[in-house]
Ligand SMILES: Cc1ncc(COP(=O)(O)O)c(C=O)c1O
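Only one chain comes next, encoded as structure tokens, the form predicted alone.
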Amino acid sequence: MSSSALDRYRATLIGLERKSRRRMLSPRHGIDFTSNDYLGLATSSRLAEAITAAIGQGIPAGAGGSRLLRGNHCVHEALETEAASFFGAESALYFGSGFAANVALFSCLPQRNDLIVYDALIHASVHDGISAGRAGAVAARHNDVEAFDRAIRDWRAGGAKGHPWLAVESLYSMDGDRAPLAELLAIAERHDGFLFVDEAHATGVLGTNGRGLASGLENSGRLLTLHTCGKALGVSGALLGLPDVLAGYMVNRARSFIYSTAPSPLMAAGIREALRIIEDEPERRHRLNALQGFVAELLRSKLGISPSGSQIQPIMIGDNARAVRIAARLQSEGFDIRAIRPPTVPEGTARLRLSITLNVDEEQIAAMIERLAVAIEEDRP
């Protein structure tokens, strides 16, 4: 390929580098303050033993085809039945990732005359699903219940006859704050619509017995939930909880479900065990909650920062280059902390994203906060 054919791509990378926005892959190194392995299940011996046992039972690593062909394994179906019961849904569908599940849902279920009202900070996968679908869409200001309601009222005033879909995260991945789910569900019900809740960062950690922040709202036929399996559950993939009729519709119409090779049956076996661990070992959630409280006190006393109230804590920096420098310094001192920059977060809100997991202890947290305070002070503009 000629050099000129590559120039436009090279120019984009140079521009990103100039703005301190170029992304680079880097290996794991240092104490974990970055991963979403909130309950430490990714390295759980019980999870490893369950997957080893599944191999011994002949459960294959690969599905060998799509779910509608020979790829539909009995372990997939067992997982979906157990997950639906665990999360209080009529049905569940297992996907290879939360991104794939969100794209499948938003490109398939909202119809041409419907309206999707999504939180301004919703995950990128929802945006991609909306772009691939047929429904109209509008952003609502973050966690502003009235903005959601107003968007639907304005749409109805224009003569719209379809159904609205409200799309939010229960716990926001970059800010660590929570959505007002009960109020949003009331809006969905009042306007004959649906509420979609991405529970990715709450699953296993928050809500009744780790069932997510939408637990307790499940009796509504207007609620759909996403539970990713590669964060607190420690495995991979994602589970959509939804009414039976919508699950059947997606099996027949969701292109990324129909035309994708099914997820690994071995991973499905691992997720079944992860759900059992969530039920059997509530002490993991209790320990994580205690660590969050410890972090909160240090943030107030050492950095003058108000804690988010969850295991996700943003340290707002603002400037891209400064965020990268501070993160690099902490990495050099043995703490795996990453800078998050636009477009992942809004312009001017570059930050360090601290993730608190059971992979760290109080001594390591205290040392990290101490070094963070020094790094911020010594890199002031």
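Residue numbers run from 1 along the displayed sequence. For clarity, every value in this text was computed on a predicted model and none was experimentally measured.
Although not depicted, the form predicted together with the named molecule is the subject of the following passage.
The closest heavy atom approach of Thr203 to the named molecule in the model of the complex falls outside 4.5 Å. Taking the partner from elsewhere, Gly129 is found to have every heavy atom lying beyond 4.5 Å of the named molecule in the model of the complex. Of the heavy atoms in Ala188, none are within 4.5 Å of the named molecule in the model of the complex. Although the partner is absent here, Ser308 is not a contact residue: none of its heavy atoms lies within 4.5 angstroms of the named molecule in the model of the complex. A single residue from the set Leu115, Leu226, Val75, Ala254 has any heavy atom within 4.5 angstroms of the named molecule in the model of the complex; that residue is Leu226. Listed residues Pro110, Gly241, Gly98, Gly210 were compared with the named molecule in the model of the complex; Gly98 is the one with a heavy atom within 4.5 Å. Picking from 258-266, 290-298, 86-94, 168-176 the stretch near the named molecule in the model of the complex, with a 4.5 Å limit on heavy atoms, gives 168-176. Taking the named molecule as it sits in the model of the complex, the stretch 101-120 comes within 4.5 angstroms of it through a non-hydrogen atom at just one residue, Asn102.
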